[in-house]
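Here's a solo chain for you in structure tokens, the form predicted alone.
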């Protein structure tokens, strides 16, 4: 098996075993195969051919799992959209991936607005769609004959994950069937996934962590529990679901685990079925991690590292709370992967010296969608341990190797930050600010964990709340600053770039 489109058809799958549940509906693997095959037929009937994009605008549910695997089986590139993002932002992604087919469970008003701002021809899902497009309701999909996966090769494109772009235009990370399947195999092997495991699908569909449940679970024959978005807002409800659904494997950003630790009613829950807790996407404060591990002594914890461009590439297993460990390492490369730490000239640094992390792995993306210049700037051709040459991804992350061989993350070399696991380019937020009336200049700086502050040079009196509301209609929620501060001017370097270290000093003091 070399294709993601074949994940549901390999010989380890028990057709009667549970595949996915969302609390309202459940499918076994036989039912998942049938439903995804019928939706794949709908895609083909709608004109989708191998290499075309299908946008998935569906809340986490049985339907989202079906939509992903149907897209792969039809040979399409699935493009997950954030159901909570502003319509104008979603329209940008739909235009960029040039799709004319959308799977959605959105309300009529949202869907009508999205269709009006794009060139969508076919909408699959809701019972009624705007008159400007052809609607194929779920009921009609159920009447189609399921089709077998179309013929593909392992280097065919499989999915695009969009992240914030430095120019304000989101950048799409294109993975192939080969890179996605390599990730599924390595994740299932590294964390010992097996039939009977129940994986909590906590990450949003448009977030790269979601591929763990979407791909690794079927590869291992495990089942997936889709955690509804509303449940994630209430840590006590989340832990109640984990107990009720007997979750065995958890994967999320540290922020959510910290919320569970502080407000998850852990003293009232029996979570002994939880055997492995994976976290990644941002730094987990060691003290809080140690406190959580002491409350879940039956579970093994792992710090997972890997930008969306390479899925995952490193891990650090913790069998005991990190007492006097300092920063939790990102660990070592997993199988079929090489890493190198280099200086600004691309030369490997001496042990104990910090530098940029480069990664060579079978789980690496093919390229950035429609961004050849960005691809060329991020991919390096270098020697590998086998004696030949290969493609290496320049992560932009600064790391250092400890004497025990584990790597420690030090920070970014560019202007990316992580907000609850989401990558945000500060320039993207600044570009949106500069597009607003009344803003002459702008800089965005981090003011603490999960907090961005916008420094603006106003053209006159401006309403800060109105600016933030306007930004909220143009950007994903996680990238909207939490506050605005006005300054007379912004500090700049000799090359006229914003001096972010000096700009941070302009932040107003908090009591």
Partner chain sequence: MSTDTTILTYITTEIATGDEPVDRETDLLLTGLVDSIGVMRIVEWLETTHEIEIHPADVILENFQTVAAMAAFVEQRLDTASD
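What you see is a predicted model, and the numbers here were worked out from it, not measured in a lab. Residue numbers count along the first chain shown, from 1.
Note that the form predicted in complex with the partner chain isn't included here; everything after this is about it.
- With respect to the partner chain in the predicted complex, the three residues 224, 253 and 354 uniformly fall beyond 4.5 angstroms at the level of their nearest heavy atom.
- Contact with the partner chain in the predicted complex, defined as a heavy atom within 4.5 Å, holds for exactly one of 263, 412, 272, 95, namely 263.
- A single residue from the set 178, 257, 150, 231 has any heavy atom within 4.5 angstroms of the partner chain in the predicted complex; that residue is 231.
- For the chain shown alone, residue 469 is a contact residue for the partner chain in the predicted complex, at least one non-hydrogen atom being within 4.5 angstroms.
- Interface residue remark: residue 237 is counted as part of the site for the partner chain in the predicted complex, having a heavy atom within 4.5 Å.
- Using a 4.5 Å cutoff between non-hydrogen atoms, residue 464 does not count as a contact of the partner chain in the predicted complex.
- Among residues of the shown chain, residue 386 is not one whose heavy atoms approach the partner chain to within 4.5 Å in the predicted complex.
- Stretch-level contact check against the partner chain in the predicted complex with heavy atoms at 4.5 Å: of 66 to 74, 438 to 446, 35 to 43, 469 to 477, the positive one is 469 to 477.
- If you take 372 to 406 and check each residue for a heavy atom within 4.5 Å of the partner chain in the predicted complex, you get nothing at all.
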